[in-house]
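Two forms, one protein chain; structure tokens for each follow separately as structure 1 and structure 2.
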Structure 1
């Protein structure tokens, strides 16, 4: 038969692999804000052709993890207070719609419940990167649970920047994990009880808290 499983181990495409690698390095703060990423440098570092590096950079730009203008080097964006406020305004818009829709059916997405547990594990083990990762997974699962492909795509568009800001500013290090867990639990409970208004309220409260925590870690921007 020779079912030798097409080696789908890593990402199927070379561009995907490069994209994923750089993405992780950015959101984990390994590549700091303001860092410049040139196409040729990436290409030589990863031993790929320049067009491949270019494609990866373009995809990262699409997710807001890089800024690019014509003929200029791509740079990891520095999110100031105004941008973080804009980010959370957009985020609340999407996620509020999501939990309202979920509450209308009363079904809690299984992935969200699983992520909630993962957060507790990561918090107990003090592995902060995993904690952030699980938090992102939780919110992504909420949106995905609605089953709207377009809502999920819009969420993807901003969740990358959320991940970036959390990883870069390391805001999570100052957070009591049990507080986050409680806020998440309140949202899930409201969904399960089929109360859209309550779900939206708890989610908004949670995200406003998260925004405040993030803003409090912001470096002063006075010249």
Structure 2
């Protein structure tokens, strides 16, 4: 990118807008795994002050979309097989607890229902970026719908890496998007019917399928 061309930010808080722009570029693979992001680079690309760039980098690091190297440089992380397996172990544990609790009440969170509509539209139109965004909104809404601040905080600790893995590895492209939409629908139907066991089963199946697709995209190492 030419240093004379600056990326445009939206009208919201400058730090929030910068954070959101970088987040989307990382998730969509425009900024690839292993690439370094510095305050100077972002200040130049976006024509913002370095403290603003620093604040956005710190927020992205806290979310898990960036990691600091030994030299304190922010880098888009590369998740290996062990990290991906651990990520999904944590995710299944948290989200299974969430859908079981929701099914015990029979209440489907409104935000999850709206996200499901967005997922179905994205599946119909084959818009990968919209599918990823709606998918994360769906799962976040399920956890938030329980109303447990501690459960939500635990989910927040991993959701950045979840988003990173979905966007960077593009594992969703390995399956018909209508299949993912149907898996989500099954979870919501089980919640609405007041069946915690079925909700947990469908959620676990959905995430195990996602994990398998993601692992299949990793380079195969020879023994």
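Residue numbers count along the first chain shown, from 1. Just so we're on the same page, rigid core means the largest C-alpha set that superposes within 1.5 Å between forms. Every value quoted in this text rests on a predicted model; they were computed, and no experiment measured them.
- Structure 2, rather than structure 1, originates from the form predicted alone.
- Once the rigid core is used as the reference frame, the Cα position of residue 48 differs between structures 1 and 2 by 2 Å or more.
- With both forms fitted on their core, the C-alpha atom of residue 71 sits 3.4 Å from where it sits in the other form; this compares the forms between structures 1 and 2.
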